[in-house]
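This document opens with one chain alone, in structure tokens, the form predicted on its own.
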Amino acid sequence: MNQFIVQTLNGLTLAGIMFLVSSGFTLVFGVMRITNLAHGAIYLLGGYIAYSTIQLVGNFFVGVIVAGLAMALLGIVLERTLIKRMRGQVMAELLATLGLVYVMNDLALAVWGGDPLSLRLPGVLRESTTLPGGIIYPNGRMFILFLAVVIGLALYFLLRRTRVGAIVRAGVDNKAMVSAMGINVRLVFTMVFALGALLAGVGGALGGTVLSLAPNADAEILTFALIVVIVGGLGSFEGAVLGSLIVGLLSNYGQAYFPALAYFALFAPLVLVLLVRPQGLLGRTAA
């Protein structure tokens, strides 16, 4: 039972990282209808920037903030230049963002090398706590889970309790109506893309403490994000939460208890959802 609890906590920690990445991904797709294949590369670049910042200033939290802001700025630049010029051209968007993956991977390889890197949490977060039942669990993983919950609540408040959130949700449901009401859809697009990149950058910084930062690690995280948004529902914040929990727990349980069937445990729910509910568990068909 203790091992099951530990694996559940590990799965929830992975779900927290997946949520940070996939929530931005699903918002970008829901509002802009862009499948940004470079989202995983933004995650990886955010982790690398956090690593370099921590090496420079010696503060983990500064590294996380710098990674998030740097990726948000990168998101603004990409949306205002590359993405803007290819709006509505699905294949061009896919090929352009796929090309960005290779460009960003090569740049990361040239700057940070090919050896796996990891981020170390500071102080007490490196230690472990004894939980009820005699379970010893790392403080760092509990911190990541706590921070993911806090960010999730902040996103929920932004999307459900503010005018900006109402505009974003309206853009998911009916983009034409939002534009007809005189709202600056161009600014909304830029804001959403920057928010998605910021979340990916923060996810990379936190994920670097649990998962290694290495060339092509972005492919795995992008695969996870795609599964999350397909299972949960494209454009649905609640779907990103539910999908992250399902993917994080099933992935961890599969690797812990059924190593030979780990990928089956991860992809079987995706196939079932596509067969029974193609729009995702909490997704809706956009107007």
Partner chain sequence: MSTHTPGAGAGVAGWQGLLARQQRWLMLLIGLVFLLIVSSYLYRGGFYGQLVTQMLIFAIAAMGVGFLGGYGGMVSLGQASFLGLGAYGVAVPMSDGADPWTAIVISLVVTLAVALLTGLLAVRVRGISFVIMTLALGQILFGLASSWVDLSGGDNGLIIPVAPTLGPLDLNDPIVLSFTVLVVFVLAVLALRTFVASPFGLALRGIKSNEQRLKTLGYATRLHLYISWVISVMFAGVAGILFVFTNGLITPTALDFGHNGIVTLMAVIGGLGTLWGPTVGAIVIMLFQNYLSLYFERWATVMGIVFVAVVIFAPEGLWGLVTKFARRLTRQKAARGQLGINEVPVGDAGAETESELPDPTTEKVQQ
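Positions refer to the first chain, counted from 1. What you are looking at is a predicted structure, and each value in this text was computed from that prediction instead of being measured. Definition used throughout: the rigid core is the maximal C-alpha set that superposes within 1.5 Å between two forms.
Not on display, but discussed next: the form predicted in complex with its partner chain.
Colleague: Go through Val77, Leu109, Ile151, Leu131 and name the one with a heavy atom inside 4.5 Å of its partner chain in the model of the complex.
Modeller: Checking each option against its partner chain in the model of the complex, the one that comes within 4.5 Å is Leu109.
Colleague: To verify the annotation, which of these, Leu222, Val241, Leu250, Ile54, has a non-hydrogen atom within 4.5 Å of its partner chain in the model of the complex?
Modeller: For this set of options, the contacting one is Leu222.
Colleague: Quick one: find which of 69-77, 211-219, 143-151, 190-198 has residues within 4.5 Å of its partner chain in the model of the complex by heavy atom distance.
Modeller: Only one stretch passes the 4.5 Å heavy-atom test: 211-219.
Colleague: Is there a heavy atom of Leu226 no more than 4.5 Å from a heavy atom of its partner chain in the model of the complex?
Modeller: Leu226: contacts its partner chain in the model of the complex.
Colleague: Looking in the model of the complex, any heavy atom of Ile230 within 4.5 Å of its partner chain?
Modeller: Looking in the model of the complex, residue contacts with its partner chain include Ile230, since a heavy atom lies within 4.5 Å.
Colleague: So, in the model of the complex, is Thr35 in contact with its partner chain at a 4.5 angstroms heavy atom limit?
Modeller: Judged by the heavy-atom cut-off of 4.5 Å, Thr35 is in contact with its partner chain in the model of the complex.
Colleague: Report yes if any heavy atom of Leu234 sits within 4.5 Å of a heavy atom of its partner chain in the model of the complex; otherwise report no.
Modeller: Because a heavy atom of Leu234 falls inside 4.5 Å of its partner chain in the model of the complex, the answer is yes.
Colleague: For a quick test of reading the superposition: does Thr81 move by 2 Å or more at the CA between this form and the one not shown, rigid core aligned?
Modeller: No, the C-alpha moves less than 2 Å.
Colleague: So that I can tell if Met91 moves, could you say whether its C-alpha shifts by at least 2 Å between this form and the one not shown after the core superposition?
Modeller: Yes, shifts by 2 Å or more.
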